[in-house]
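Shown next are two forms of a single protein chain, provided one at a time as structure tokens under the names structure 1 and structure 2.
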Structure 1
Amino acid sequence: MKNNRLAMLLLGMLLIASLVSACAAPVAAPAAAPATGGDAAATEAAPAEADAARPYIPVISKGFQHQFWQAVKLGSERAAADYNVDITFEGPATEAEVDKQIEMLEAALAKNPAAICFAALDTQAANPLLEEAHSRGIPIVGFDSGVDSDIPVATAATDNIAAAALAADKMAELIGGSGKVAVLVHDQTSRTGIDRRDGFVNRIAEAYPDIEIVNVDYGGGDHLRSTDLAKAVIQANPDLKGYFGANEGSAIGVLNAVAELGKEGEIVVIGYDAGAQQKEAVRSGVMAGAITQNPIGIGYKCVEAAVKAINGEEVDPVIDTGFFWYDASNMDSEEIAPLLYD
């Protein structure tokens, strides 16, 4: 009897174990789900893999604070769409933040991009990182402002020396070939700052001996700082006849100073770039005229050159994106109007 009971107990235990095992079976199915879910995960990752298949090109500008850079950004985005590449566009808050721009370049290199477009705030500060990029086979394309290095495969930029020399010719013409003028530049470290300063100053020295340049100042492209600098120069030189602002921020600083001191119509103001305030000043006659670049073309050409370099195609080392003089007489023309951003 006891043996029968023991047998029945064992049989019951076997039945229970069997039932538990059967109930546990459905739980095992989800455990296998990662294999099925693995396909779902791969589907989610597919866009990232597709992105990885497209070249990634960080575009590091000199800043964001001026409309000029927004126009450059637009051009680079158009090229990215045309050439099926991924880009990012960034720059420091002001054109005085060389260290911040170097940090951006370092971060871009850490992402192992296919190429880098770079507008240097300092012609030499980035050279160690550019050398690292070169050693890793990452092409560098300069735009707007080059560097003192042969590492970049190309630089898409305005001929700033020639453009500033044209501004000097216009200044001489408008002030009658003699008198005092001043120059306000965004910086003395970037290629654009150096070339625009030298292009203007050297042209005056070579061709116009009766014109005296009383001051060359550097406002960092900042409107307020540039305004203060220009006001000090105008107040120290009441007989000043002309003022050249070598970028958008510098030119706006000069315009502000002229307005605040009530000197409209007394000082010939020549600017560089465009923007709503400069355009309005040219229309109203407060600014005699300005040099315009082709910022959309600069952005487009730098990305285009980067794509060519990635594909092993030949790239022109210097890509001249052009410049023009504009004033109230031609700023609405078919040739000039598309180059004047707000």
Structure 2
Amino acid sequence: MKNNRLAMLLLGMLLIASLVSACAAPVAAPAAAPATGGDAAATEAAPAEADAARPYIPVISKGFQHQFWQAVKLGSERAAADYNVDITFEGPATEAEVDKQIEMLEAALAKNPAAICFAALDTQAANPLLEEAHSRGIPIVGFDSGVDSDIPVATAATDNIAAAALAADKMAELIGGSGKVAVLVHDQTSRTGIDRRDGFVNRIAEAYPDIEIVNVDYGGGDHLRSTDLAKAVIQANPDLKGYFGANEGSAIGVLNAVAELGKEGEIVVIGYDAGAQQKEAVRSGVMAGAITQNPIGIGYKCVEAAVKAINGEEVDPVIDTGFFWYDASNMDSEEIAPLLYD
């Protein structure tokens, strides 16, 4: 009996080991694929011999499974290919897992990288490690929410406050400068959540005295919860004229709520970021428009800045990667279309 169990345990471990080794190969491949592009044959042999010489830059993001982060990852991989550096891209599963991110940063430091790209979930928590990196001469480049300290040589980010203020201006314009609006945000603790909420709310307060914000709520970016939440808010405010969803999940939640209550066209919906559902809603007019960032640009610029810092070149401390308003009229334009991921 005991032997049996031991044998099963060993068998299990063997299975897991073979599974991991089987998975490891295909995982590495897609990372290289977008980088190599057309001349796959030429670069294929290169990594093995160049490994030692190529600078290694870990990119530690705030997430990996959402499409926004996947777009940032794509950008950083493109920059890695263009500048001939090795990168790894990782991030915790949710934006609440500050501890997981710190572990990633510790592990990255242990690998003695040439530079680190970092989007802090919590700057205070990361500070001791950032100071260690600083004292060891490893340049830190912030991206997205950045790092709230003097240590980073540069930060590649969207100005979320200004972007949300633009959403507020558009909202005011579309509802005719007066009436009730509501705001649905992903959370009240992350930098992007705070900035987008404040950017929108403060702009309305300053510039549009006739617009009343009746509700600011948080749906965790979870599509289903955001939907039910927005429905309750619309139910409680039958004369609601506009609804701003401050990230993709929130915006989809608002869209679902409006559709399920049959209020398409009655409520002006403004979203944030892209994704196939949001794009379709903008195209069909159910969503008036949305703010898009430049996630590929964020990934690209942070790796680029890291390379420059490694080479001792001058780096702009603030790299504004830009934001844009898009609606049905301009979403297919050359300027906007490449920024909108599916």
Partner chain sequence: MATAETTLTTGKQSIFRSSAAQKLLAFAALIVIFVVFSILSPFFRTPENVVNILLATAVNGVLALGVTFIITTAGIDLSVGTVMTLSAVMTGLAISIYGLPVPVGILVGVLTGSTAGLINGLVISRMRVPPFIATLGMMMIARGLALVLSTIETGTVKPIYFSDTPVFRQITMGSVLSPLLSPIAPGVNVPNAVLILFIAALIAAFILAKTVLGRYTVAMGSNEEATRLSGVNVANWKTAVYALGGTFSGLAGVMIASRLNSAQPALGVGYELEAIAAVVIGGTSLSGGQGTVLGTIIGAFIISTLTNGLRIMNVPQEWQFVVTGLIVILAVYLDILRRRRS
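Every residue number counts along structure 1's sequence, beginning with 1. Being a predicted model, the structure only gives us computed values, none of them experimental.
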In this pair, it is the form predicted in complex with its partner chain that is given as structure 2
When one rigid part of the chain turns against another between structures 1 and 2, the option of 225, 279, 113, 323 found at the hinge is 323
Treating the chain as two rigid parts, the smaller one turns between structures 1 and 2 by an angle in degrees of 12
